[in-house]
Each structure stands twice: as structure tokens, then as C-alpha cells.
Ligand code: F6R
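Let's start with one chain on its own, the form predicted alone, as C-alpha cells.
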């Protein structure tokens, strides 16, 4: 979850270059930042608590320095955010510097031995153990490459590491297992980073390192081997993203930009997957129709926003397929001894494809014999590589920590997959499938209409930002699944307490908390449950709570005479598709409240974009 950037080559002011690259990864961690530059004169290190700007402001003459550079932004796991705990970490003599993303699980055991051997530690981190371990191995072996290899053989846990030293100032050694690391190939220079946007300005030629890979990176080239020095051949691929998709594009925050990108990302996710006749196709799908029909149980496993998408998927699949579907938080799945076997399809959802708990859940499902399908956004990610089948969501880079466009593309992917299975089973006629497809194809334009005029949401947000002590989000059926995501967005970026409940549970406890100053967002987009929701709204108003209704256009039952505010969304023929549209006003409400309160919207406190440790 930390940001990594590196460079080796002849460019002047390479420190500035690498820190500029690192800026594009600050969403991955912003508790502290640091940089190390290796030259023939030695290794210089500077690190500062707080955001990258603190480091840049303290560079001094290091700002114009050149050499082999590695840099890091940290999201704390071991040791509080501080200058001392920031990366890079150095050995006792300051001749080796190392940055690390992940967790060294056996660091206490290793640290005790190193302390006994006379090593001095300057931080509370698990990472510092690695650089002292490399130092210890170098004293014995006298060879930097072999020292790094030997040290890593003694480590258990997850890591992406980069090492520079005064012994080989023109070389970066890198290795990874479980944490992402990519190589950018240039002409007489090479780059590395923990995510592709960092290097897009300099090269579009990329190699994605896989677990167990070890790289020796010089200006002249990259040599890939495993830890035992056996050669590895990894194919490079060309990045086709527009560089501007990783920038704000005139919006005040990445989150607002990404909310407005949702119509496009839905179109991209649908593109090539629906025929002119309105049927679903997956051209690159490897799972045979016969295999899909053989599953008697489906598990959907994910974390956070992806879990909420899975809740929608469960309802849709059970509605169409009449098969049991279970949704489980990935962090619980691995330890719950799940009832999974060869007749189980495990659907693994992750924006980054690197979420540690979700990746562990995938491996657990495979170990128990399940077939795994990944729904991910990042091509070449760990989950994408290890799953039996992959559906990419085509959301493009998502920079804001709070997910928006990844969520709606996950929903679209789940709808497409459910319809695809129903086609194979002949559960639905071609005409009914075509009607679903027609509704899906119409959603981007409908969503764009909502986003074209956000004044109503802004007005409500301005009113609520300083008057609401907490928020409840209520819904029935699929509206409850949407309310969970709405509550998460509110708490993530506004820091206002927010909880979601099935509306029928209101009288079973939460109603005790409804009083003046408490806002209850009531979703009522499911026609079959609409009358029940009207009763819940009345219960809120009877306790003088602030009621905000989210309804379909032309709604006749809820207006500003019966509630405090109304947010409308376009309707679809199939109510099961309404979650894609209903989430938009909730995303905007959270955004505008957080903006009015002056919150750090793109980088909310204590959170990081990609959670790559358990």
C-alpha cells in the first residue's frame, strides 16, 4: 500500500525526477516520505514525516542531485509515522539504503539475532530489519547481489523491496512477493514503481514483476531471475492509458473527477461484451458453458466497496439463477473454514487486484478446489494472474482512496456475468436478455444527466454539513446494498459517523438514535418495497430526524412536503439495475459535505488506496 519509485540512468536532477514520479503514487500512502540517492561518493538519504511536500520542502541541494534514486511514501503498519520510521532505511554504516512495501512477519526473530550481533536500529519498523540483514550477509559474501538474495531467503511475509548501495552506485536491486512492483523500460535508462501511473510520462514499456521475481536494474538493462538466480522471461507490454487520466483534469479533487468519469467507464466495461442482438459475450472467456452450469454454489468474496458490489451481485444472481450465493468479507473468508469444493465458483472482487485479504481468500478457495473468477481493474495484478478466469472492469486509474468509478464498473461486470450464465442455462429468453442489455446501455447517458446538474445535491450538502451529528442510510432489498456503500463514502471522506441498516431493522434499535440533528437517507427505488419504505420515512419524521429521500424520477409518494429533501435519479425498466444510478447522489452528497467541511477528500486520514497487508 506504500508508494515506490526509482530511477537509474544518466539524467540530471534524477532526485527531482523520481519525486515527481512518486507524487503520482502519494495516494498509496502519505504518513511519511523519503528518498535515497546513490553515487560514487556514497548514499545520501532524506526522509520526513507527513506528506511528500514536507520532503520536497526540505531537499536543499539534494533537489538538484543526480544518481541512482529510490523513493517511498509510507502508510504505517509497524511504528508510528515519524522521520525515523520513514523509508528508506539504512544499514549501520549508511552504505546501503532500502525501501519496502509489505510486512516482514518474522522480523522480531531476525531483529533479536541482529541485535545480538551488534547491529544498531534507528526505527520501530519491521523494514529496517531487512537492510541490516543485507548488511550482515554482505559482510560474509562481499557481493551485493548475493547479499540481497541471501537475506530474502531468510524472510517470511510480503514484500516489494528496492535496494541501492555505495558498493554498486549504478544498480538497483528489486524483488517482490505479494506486493506490487513494476519495471519501466527506457532507452539507456530504466524506472521502477509500485504502480504504472508513476512512470507514464517517461515510458509506456512495462514489465509486471511476479511473486518470487528478482531484478537487477542498471541504465543498460534489466536482468530478471528468481531468488536462486535462475533466469526468468517476463513479457513487456505497452501501456495504452492516456496520461491525463491520472491527473485531475480541472476538477478540484480526483474523487469528483472520477465520479464524473463513471458514464465513460460503464461504456468501456460494456464495450465488446454485448452483441448487436443484445446478447452477452465474453470473447476471451476460458470457462466453458458446461463448467458454468456445473456449479451448485457461488461465493462472492471482497473487501469494503467491492464487498458492497458483491451484495448487489448476490441479489441479482439469486434472482436470475435461483442458485445459492454467499457474500463474505475477504478477511473473514480465509479463517472461516468455508464450505467450498470443486462445485463452487468463487468470485473475487478487487479494484487493485492486490488487496492482501482478498488475494489470500482467492488462494484459500483454490486450495479447496473451487474455480475462481476475478473481477479486477488492474491488468497484470496478482489476483488477475492467479484466478482461473478474469473479468476486467476498465475503470482506468482510480486515484482517490474512496472508490467510485471502480464500484459502478464492478456492478456492471456482475450484471453482465449473471446475464451470461442465465443465457447459458436458458433461464431467460433472448428478448428478456436484450431488454436488460438495452437498459444497461442506456445507463451511461442517464448517469451523465444526473451529473450534468448537481446543484440540488450541493444545496442539501451545504445544509447538512454543519447540522448533522450522524447519518443513517436505510433501504430495503437492493436499496440496502446501495445504502451500505453510501454510508461508507460518507464516513470515509467526511469523518461523520454513518451507518447503513435494512429499513425494516429501524424499529429494532437504530430508531432510538433518531432525533433532531440526525440525518436519515432513505432509498426508495425498488417498486416492490416502496410502500414499506414510506412507512419507515414516516417513522423518521415522527422523531424529528432529517429525512433525505432518494427516489426515481416522477415519484409521487415522497416530496418536500413529506421529507426534508429529495434526490431523484432516472428509472430503468428493471429495478435490479437501479443500484448503478442510485449510488451517484450518495457519492455526490458525501463529496460535497466533505468539501464544505474542508476534509482531505482524495487522501482521507488513516486510509490507503490499496491494502496490501493483512
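Owing to the predicted nature of the structure, the values given are computational and were not obtained by experimental measurement. Positions refer to the first chain, counted from 1.
The discussion below concerns the form predicted together with ligand F6R, not included here.
Screening 423-431, 489-497, 194-202, 230-238 for residues having heavy atoms within 4.5 Å of ligand F6R in the predicted bound form returns a single hit, 489-497. Though the partner is left out of this view, residue 305 does reach within 4.5 Å of ligand F6R in the predicted bound form, counting heavy atoms only. Contact between residue 402 and ligand F6R in the predicted bound form is found at the 4.5 Å heavy atom cutoff.
Residue contact with ligand F6R in the predicted bound form: residue 73 places no heavy atom within 4.5 Å of it. The closest non-hydrogen atom of residue 355 lies within 4.5 Å of ligand F6R in the predicted bound form. When ligand F6R is considered in the predicted bound form, only one residue from 179, 165, 409, 351 comes within 4.5 Å through any heavy atom, namely 351.
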